[in-house]
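The chain below stands alone, shown as structure tokens; this is the form predicted on its own.
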Amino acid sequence: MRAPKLSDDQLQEMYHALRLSRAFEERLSLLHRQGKILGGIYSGIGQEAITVGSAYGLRREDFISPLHRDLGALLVKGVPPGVLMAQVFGKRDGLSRGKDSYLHSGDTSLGVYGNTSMLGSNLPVACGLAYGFKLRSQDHVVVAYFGEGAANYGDVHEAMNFAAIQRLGIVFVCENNLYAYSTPFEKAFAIPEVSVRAQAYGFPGVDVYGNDLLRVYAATQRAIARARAGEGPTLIECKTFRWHGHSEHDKASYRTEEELLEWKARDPIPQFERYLTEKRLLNDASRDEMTARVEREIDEAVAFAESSPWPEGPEALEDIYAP
């Protein structure tokens, strides 16, 4: 594993984010099976190295435009676990005050822009954010996430072309988990990598192993530095694999057990733990301590969400905008 320049405290902070993200997602799956969550759950388990590695180190003024599997990025950007859990529960103390599922939640004060269900359509909006920064001569950046399935939508091409022409400060992060719902990558692409398309737009494209936290972080930091310097966008493709189905109700029978086991053996968390152990920053005792810490944080988040009130009827008419 190639290590970027990070302090011991920063590495520990990233480890906490990685473990917190995993624990949060695991608890959501459990709560969904218990019938405590309304609506679907789209697990990001297995993809945490991408969300943590790409969001870590961003300034508050920088924006992320996350997807439904990117709860880890929201946590890294500063959304409190209890508030995020209340959002998933649909409670008043959530980001949307109980008016929406977690899929579209955001908090502009923290630099988190809520997405839409049309995933490819998020990129033109993210470009709008970056264009606003350019008009105001600000060196803030936008990290915009999309999946390889969305990569074949017209909106994605239009966004990347516009970003290239305007030399916007935006980093496109393609989370290629090899399946667009049930469609395998090779059935949707005649090219080996999504990142090669960046050449056609006129900016760099990078292919990164998405289960390696430090490689994702290093690639993103290079792209962010390029964006802040006014040199334009970068496309980073992160290869990974989602452990669960498209959503919790999907048994993912379209893929083999061998494929799943192969990718579980590449779990990003043990990989990073081995690195920390080699640097003498982690041992059995500190690993157990971290486990207890994140479990406590998740317990507190669930308790906060469960005690949060449901929104009252008249609140449905608040924060509503219409021409």
Partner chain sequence: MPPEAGRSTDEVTYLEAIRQALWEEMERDEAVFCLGEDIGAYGGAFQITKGFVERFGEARTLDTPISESCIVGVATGAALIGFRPVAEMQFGDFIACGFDQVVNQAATLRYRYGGRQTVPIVIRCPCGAGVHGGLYHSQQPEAWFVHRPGLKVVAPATPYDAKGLLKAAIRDDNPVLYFEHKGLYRRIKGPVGDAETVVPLGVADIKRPGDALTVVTYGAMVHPCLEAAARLADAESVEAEVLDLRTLAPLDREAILTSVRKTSKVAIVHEASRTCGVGAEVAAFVAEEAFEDLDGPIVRVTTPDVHLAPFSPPLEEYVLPNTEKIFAALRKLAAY
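Positions refer to the first chain, counted from 1. Being a predicted model, the structure only gives us computed values, none of them experimental.
Same protein, other form: the form predicted in complex with the partner chain, not shown, and the subject of what follows.
Engineer: Even though the partner chain is not shown here, does it sit in the model of the complex so that Ala198, Tyr201 and Gly232 each have a heavy atom within 4.5 Å?
Structural biologist: No, because Ala198, Tyr201 and Gly232 lack any heavy atom that approaches the partner chain to within 4.5 Å in the model of the complex.
Engineer: Looking at the partner-bound form in the model of the complex, is Thr108 within 4.5 Å of the partner chain by any heavy atom?
Structural biologist: Thr108 belongs to the contact set for the partner chain.
Engineer: Please run the contact check for Gln166 against the partner chain in the model of the complex: heavy atoms, 4.5 angstroms, yes or no?
Structural biologist: Looking in the model of the complex, residue contacts with the partner chain include Gln166, since a heavy atom lies within 4.5 Å.
Engineer: Going by a heavy atom distance of 4.5 Å, is Glu158 a contact of the partner chain in the model of the complex?
Structural biologist: Glu158: yes, in contact with the partner chain in the model of the complex.
Engineer: Could you confirm whether Gly114 comes within 4.5 Å of the partner chain in the model of the complex, counting heavy atoms only?
Structural biologist: Output for Gly114 is yes: heavy atoms within 4.5 Å of the partner chain.
Engineer: Only one of Asn122, Thr220, Asn211, Asn177 comes within 4.5 Å of the partner chain in the model of the complex by heavy atoms, so just point that one out.
Structural biologist: Only one listed residue qualifies here, and that residue is Asn122.
Engineer: Considering the partner chain in the model of the complex, find the one stretch among 201 to 209, 223 to 231, 180 to 188, 158 to 166 with heavy atoms no farther than 4.5 Å from it.
Structural biologist: Heavy atoms within 4.5 Å of the partner chain in the model of the complex occur in 158 to 166.
Engineer: For the stretch 121 to 159, I need every residue with any heavy atom inside 4.5 Å of the partner chain in the model of the complex, listed N to C.
Structural biologist: Contacting residues: Ser121, Asn122, Pro124, Val125, Cys127, Gly128, Leu129, Tyr131, Gly132, Phe133, Leu135, Arg136, Tyr153, Asp155, Glu158, Ala159.
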